[in-house]
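Given next, in structure tokens, is a single chain: the form predicted on its own.
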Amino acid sequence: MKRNRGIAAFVVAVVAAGGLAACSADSSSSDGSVTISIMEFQQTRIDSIKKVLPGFEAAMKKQGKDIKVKLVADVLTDDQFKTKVTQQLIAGQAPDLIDMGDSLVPGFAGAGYLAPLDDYLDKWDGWDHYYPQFKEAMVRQDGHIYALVHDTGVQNLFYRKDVLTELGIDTSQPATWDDLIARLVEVKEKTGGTPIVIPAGTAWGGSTWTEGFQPILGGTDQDYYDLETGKWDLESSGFAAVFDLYSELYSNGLLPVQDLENPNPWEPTKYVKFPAGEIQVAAQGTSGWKFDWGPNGAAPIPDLTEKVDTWQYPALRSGDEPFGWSGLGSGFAIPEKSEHKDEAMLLAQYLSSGEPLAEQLVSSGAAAPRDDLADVKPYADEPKLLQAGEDLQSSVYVPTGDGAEQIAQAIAAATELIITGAADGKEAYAAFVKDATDLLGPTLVK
């Protein structure tokens, strides 16, 4: 497998800088018991994992296995987690099981730090319940799987059905972007506001690509990245089409461009204007039901499910059906140097099944990547998560690899040109191609 350049450079920096202390893995004790460790770095996940670990130890005892689990709970930012786990993997002292975002997996796997899980998954009956597109998406360039994804979500267009209904705007699923734009123009004429927020520009960082541009790109030519060759096709018709769409939204005055220039653009848009009904449509993932607008979210909307609903993305390619955009969330990975891979995998399988998985999904506001959770409480009591799970069956996802960070940087810069009025769609696309080509280098461009 080709070594991920981003992770390789990061590894060098961490080694040079020294840094955080690593966590030593426990080994077998004299009484025949085995203690393994699992690392979690987000408080919601820490709480849910802590709740279900006793059940794992009890289940193993029934099978005649004396396995104890140490939870390595350390609340960190994404960057702090990346730094810490990188050093631990380098030192060979990482916990036996690590819960990490999928974006980190290709780099760590390519650097040789993670153990392949294929043999375990082939023998596990739970593997048959995973949706095919996720099973396929977990496979890396060398043909192996290095992390068992346990949660996911669907990116949709959330809309204020209460406000749109009051304005007399059609709230049925838009069949095309032309249909949706016509409604948004009508909203603007009636309110004077900017009715839709889609991540754009440099202030939104990498999310301009992952939460803004890429989901729309899923409704165009989906061959913009070749997983086998690891190359990006910058001439894919999809890129130009999405830049043209951003330009059309901008030229019609539908995007909150001033807010998009805010250092934290999600705050005035998703945390103020959408809850107030001043922005009526927002691109958002499944977790928005809990972490953005739920009762304990950043900006709670009272009677949320009565006031808010979701549309799927209209396709940009003529004749295609509307779709949800899905992505791999977090997955359980086992370090190559772990002394207890078998026991760690048993824990990963337990946490990715039945009630233990249901507890985690509800805690994190995520959807199940498998088809047998609909009747399992507490997940069964979450209608919006269940709907997201159903949407996953027909969702679109294009796995990518090396170069995604560079693509994200170039997309952010090019959409910045649009929302500042410095370029139209065609000009922004040309700027993107030049920038992305320079950033990726010749080995990653088709």
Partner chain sequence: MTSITDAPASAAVGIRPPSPKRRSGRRTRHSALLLLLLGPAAVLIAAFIVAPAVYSVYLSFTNTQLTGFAARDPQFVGFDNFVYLLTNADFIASIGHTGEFVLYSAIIGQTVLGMVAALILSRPWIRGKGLYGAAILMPMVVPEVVASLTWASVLSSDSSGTLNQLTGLFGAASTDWLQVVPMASIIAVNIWRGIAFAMIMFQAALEDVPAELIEAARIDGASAVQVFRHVTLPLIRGPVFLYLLLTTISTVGAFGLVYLLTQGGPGGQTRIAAIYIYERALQFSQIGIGSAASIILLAIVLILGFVYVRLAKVEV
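Just so we're clear, the structure is a prediction, and the values are computed from it rather than from any experiment. Here, rigid core means the biggest group of C-alpha atoms that superpose within 1.5 Å across both forms. Residue numbers count along the first chain shown, from 1.
Just so it is clear, the following notes concern the form predicted together with its partner chain, a form of the same protein that is not shown.
- Using a 4.5 angstroms threshold between heavy atoms, Leu439 counts as touching its partner chain in the predicted bound form.
- Within this chain, Ala276 is remote from the site of its partner chain in the predicted bound form, having no heavy atom within 4.5 Å.
- Although the partner is absent here, Asp424 lies well away from its partner chain in the predicted bound form, with no heavy atom inside 4.5 Å.
- For the chain shown alone, Ser330 is not a contact residue for its partner chain in the predicted bound form, no non-hydrogen atom being within 4.5 angstroms.
- By the 4.5 Å heavy atom rule, the three marked residues Pro199, Ile216 and Gly354 all fail to count as contacting its partner chain in the predicted bound form.
- In short, of 341 to 349, 356 to 364, 257 to 265, 304 to 312 it is 257 to 265 that has heavy atoms within 4.5 Å of its partner chain in the predicted bound form.
- Listed residues Gly288, Gly212, Gly324, Gly110 were compared with its partner chain in the predicted bound form; Gly110 is the one with a heavy atom within 4.5 Å.
- This chain lacks the partner; the member of Gln87, Ser207, Thr220, Ser247 within 4.5 angstroms of its partner chain in the predicted bound form by a non-hydrogen atom is Gln87.
- Interface residues of 379 to 407, taken as those with a heavy atom within 4.5 Å of its partner chain in the predicted bound form (partner not displayed): Asp402, Glu405, Gln406, in sequence order.
- After superposing the rigid core, the C-alpha of Asp79 moves by 2 Å or more between this form and the one not shown.
- Relative to the superposed rigid core, the position of the CA of Pro199 differs between this form and the one not shown by less than 2 Å.
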